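A lone chain, given as structure tokens: the form predicted alone.
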């Protein structure tokens, strides 16, 4: 019999197994040491750090602009959101007022990023549970979004989008046409996924009630984003602490009731539709702006913020993504500290999966949307 893990009562025969990091269901960078009684998980110890790159320390040796490409590599499914969150923190430190046109462009691109991130989460959740077809419906549209990123920004995955003070370029003239071509196909893919998943008996059996969490526990663990809203807490920084132009657009904040895998899926499905509405409103405001409206605040080529420190957070696709930046008056940050939503959410993973089946562990991980680049940094 294998040696018993601490804090586990004697229950007879049990086995300690390694789940990951090389197993594809653990996405290549996560390892869980699980104590099991048959198929039931008695205890789970996550091990992280397989993708740790010391991003925050590297930032102390780069200029403020040079650090932007490193933010791409946090949640690499949402590079644009990472870029803007960091840029806004530095702008807050410098007291910069970003032109409204630049803020609208940022909002449009961030909501496109939110859609593509949710597509990854839902599509991979389906694959991990054995449902491969919806993956293709969704990922075709993700590819179209990435085509827009490449066409506008020159990059697909790691975008290095924007600059401190605004954005580096205006939207192309035919952006509206490309968006209007994408929108019906995107809605069709969301609808097809809904019809294949939401009322599917197998899907419901695998997700409803699986690794549920109460609103109180979710808050105590530091949950934010879709995982918190799935537990019934209506918290969204775009509404509660609006930044950019989010206070100028109308959208709903969906919530769940049980905080289980099913509710996490439903919240993200609804949020994709809400993001489409936000983009439409933002683009209408954008078209009312003068063609020569400024895209960037006046900033020196070499940025030297005054001494001080700030924390600024935005509502990334996974939740509260915040940057703490401290300046000593030089052209390099004295200190950078990142608050990634994945890190707080993954703390609760051992408690969520305790008493569940091994197969439920995989469903839980995918529904939490843990991105190793953001988790490990």
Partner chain sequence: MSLKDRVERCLGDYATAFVECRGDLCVEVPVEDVLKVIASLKDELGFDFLSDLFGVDNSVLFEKKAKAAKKKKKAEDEALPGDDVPPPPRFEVNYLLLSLERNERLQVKIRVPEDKPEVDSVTGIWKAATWPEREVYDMYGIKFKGHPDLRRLLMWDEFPAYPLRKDYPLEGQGEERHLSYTTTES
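These numbers come from a predicted model, not from an experiment. Residue numbers count along the first chain shown, from 1.
The same protein has a further form, the form predicted together with its partner chain, not shown here; the description that follows concerns it.
- Only one segment in the set 284 to 292, 74 to 82, 300 to 308, 112 to 120 has residues whose heavy atoms sit within 4.5 Å of its partner chain in the predicted bound form; it is 300 to 308.
- Contact with its partner chain in the predicted bound form, defined as a heavy atom within 4.5 Å, holds for exactly one of 145, 189, 267, 94, namely 94.
- Relative to its partner chain in the predicted bound form, residues 334, 351 and 375 are all within 4.5 Å by at least one heavy atom.
- The closest heavy atom approach of residue 219 to its partner chain in the predicted bound form falls within 4.5 Å.
- Although the partner is absent here, residue 176 lies well away from its partner chain in the predicted bound form, with no heavy atom inside 4.5 Å.
- When its partner chain is considered in the predicted bound form, residue 223 lines it closely, a heavy atom lying within 4.5 Å.
- In the predicted bound form, no heavy atom of residue 238 sits within 4.5 Å of its partner chain.
- Residues 334, 335, 337, 338, 339, 343, 344, 346, 347, 351 are the members of 331 to 370 with a non-hydrogen atom no more than 4.5 angstroms from its partner chain in the predicted bound form.
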